[in-house]
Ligand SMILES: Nc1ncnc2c1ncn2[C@@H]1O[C@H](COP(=O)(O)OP(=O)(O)OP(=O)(O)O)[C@@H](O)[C@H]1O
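In the block that follows, a single chain appears as structure tokens, in the form predicted alone.
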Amino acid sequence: MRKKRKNRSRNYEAKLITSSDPKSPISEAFRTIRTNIEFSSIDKQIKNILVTSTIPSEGKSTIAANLGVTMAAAGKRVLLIDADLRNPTLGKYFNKSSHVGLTNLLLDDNLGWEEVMLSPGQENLYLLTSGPIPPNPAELIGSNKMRSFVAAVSESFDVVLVDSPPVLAVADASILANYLDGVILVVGTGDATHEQTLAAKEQLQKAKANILGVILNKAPMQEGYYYHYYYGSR
């Protein structure tokens, strides 16, 4: 059993391609995404961004983690928040425990975010894991305390990336999209149907989300390169 857990941890860390192989074509693709996000914020400052997907297993957490690494490498002070309080995985990419994190912060008035924030080991990059899975994730995500927390960390960081559950699975992503500056929708090739993806887009629009763009994941690249690093990711 211990051996399986260790192997699973290695699999998550292997998907952090922007850290392990920064010169790869996939890492270059993330740098392009970073630039596109910067250009999208010319008229309006975008500091906190939701990363979500239509359904599970499209690669949203992998995208969030690699995007965080790429932005931090460019000198931006970045905070990654695992707000998927139903099936959190973001901490696993950096081999960090999720036992104490966002839910502790939201439920304990005496706890400051600086006390639960983690350093994954890369300059400018910080991580807030989910904490224990609560019985009422949507209520916590939509609480005034969560909104105040996001506003506070947005003052202290250049970019705040928030990982959430998929749009069509539960209401959490739509709640977050309503008060975050922008949304990135991850679409896994061959995963959600066209109709499902359109439904997710419409649901985000109903939540008055500012959709920055769509990242097509698991798509074949030129010269034989593939997004195989992201297969099976959340």
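Everything numeric in this text was worked out from a predicted model, so none of it was measured. For every residue, the number given is its place in the sequence shown, counted from 1.
The form predicted together with this ligand is left out here; the points below concern that form.
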| item | value |
| --- | --- |
| Heavy atom within 4.5 Å of this ligand in the model of the complex - the one residue of 178, 35, 205, 57 that qualifies | 57 |
| Selected contact from 87, 143, 95, 156, since only one has a non-hydrogen atom within 4.5 angstroms of this ligand in the model of the complex | 87 |
| Residue contact check: residue 62 to this ligand in the model of the complex, 4.5 Å heavy atom | yes |
| is_contact(residue 217, this ligand) in the model of the complex, heavy atom dist at most 4.5 Å | yes |
| Stretch in contact, per heavy atom within 4.5 angstroms of this ligand in the model of the complex, of 79 to 87, 119 to 127, 95 to 103, 145 to 153 | 79 to 87 |
| Partner contacts for 149 to 177, taking this ligand in the model of the complex and a 4.5 Å heavy atom cut-off | 166 |
